[in-house]
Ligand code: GLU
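One chain is shown next in structure tokens, namely the form predicted on its own.
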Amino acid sequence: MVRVRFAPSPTGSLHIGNALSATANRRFADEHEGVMLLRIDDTDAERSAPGGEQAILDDLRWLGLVWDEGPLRQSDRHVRHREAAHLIGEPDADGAIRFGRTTLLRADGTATYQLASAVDDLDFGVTHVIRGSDHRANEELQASLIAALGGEPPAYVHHGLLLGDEGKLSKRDGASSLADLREQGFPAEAVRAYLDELGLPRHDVRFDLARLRRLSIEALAALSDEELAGRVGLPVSAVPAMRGARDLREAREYAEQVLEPVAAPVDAPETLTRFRELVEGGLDGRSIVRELKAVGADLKAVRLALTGRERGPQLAAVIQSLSRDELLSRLDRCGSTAP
């Protein structure tokens, strides 16, 4: 049976490139009716951040990436790692064990990344190691360690890295971690779709923020009214205003314009009088906007009257999000602030 593993270090929210590896492992396991093991590579205590493991688990769940076994923590297997190191070599004068020039066991008895990875891949029957090409240099050593322990090395598959304009992906490129993308309001479906599109790139690829934004728009459009309202945490009544948003953060901003208007002076009596007539006539939002355009009305004044802002969601969507009584009430309120 195919067995793969995703093995991040607990440094915090997943880098987008690591999320690409996680997605590739899950897809490969599914395509071969196999198993994905989640392993936390925490042999380097200095790189382990407080809450780092939980952040990774939350990121994977957010993306809809389930694991079949784990999470396994390498730190819990220190006894086995020491035993394996002594099977491979003898301690030197400092108590460390090396394989060629590579330290396997530190003088304090803790395993290094190379030893722990090889031993765990062997013990848990990993058949395919799918990871970024920055790990390509580790393949020969880890395969040799597994062979030295009497095992058969897995197949190693290295994919291209996800890079920014100047090399390593950073916030200057729009985002570097899944936490960054969540903060910007990208729905999980869009991020997952983007990673699935990349697949297993043979060469390094540039992070395409524009493509991710297009996928975000598609993902939001596919959500039901109830789902979209739930994601934003606001009433379903405000969904019409959210529908033009490009991400969840913008959807909230649009909805709040409808739900939390601010006072603004409006000096367009003819436009507002016509608008009131159309509202009282029972027309829907699009019909009202069409009628106002036909008479050359001041649409900006209508927006100001309803939200107190000059920009935001489509005016028809704003109108559609409000009841007849609320529309008329806002007209009355803005009238009191007119100069």
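Heads up: residue numbers just count along the shown sequence, starting at 1. Here the structure is a predicted model, which means the values were calculated and not measured.
Just so you know, the form predicted together with the named molecule exists too; it's not on screen, but the next bit is about it.
For the chain shown alone, residue 41 is a contact residue for the named molecule in the model of the complex, at least one non-hydrogen atom being within 4.5 angstroms. Within 4.5 Å of any heavy atom of the named molecule in the model of the complex lies no heavy atom of residue 311. For residue 7, a non-hydrogen atom is located within 4.5 Å of the named molecule in the model of the complex, even though that partner is not displayed. Mapping the unseen interface onto this chain, residue 176 falls outside it, with no heavy atom inside 4.5 Å of the named molecule in the model of the complex.
No member of the trio 78, 99 and 106 reaches the named molecule in the model of the complex with any non-hydrogen atom inside 4.5 Å. Judged by heavy atoms within 4.5 Å of the named molecule in the model of the complex, the contact stretch among the candidates 109-117, 78-86, 177-185, 256-264 is 109-117. Exactly one listed residue, out of 135, 73, 252, 128, brings a non-hydrogen atom to within 4.5 Å of the named molecule in the model of the complex: 135.
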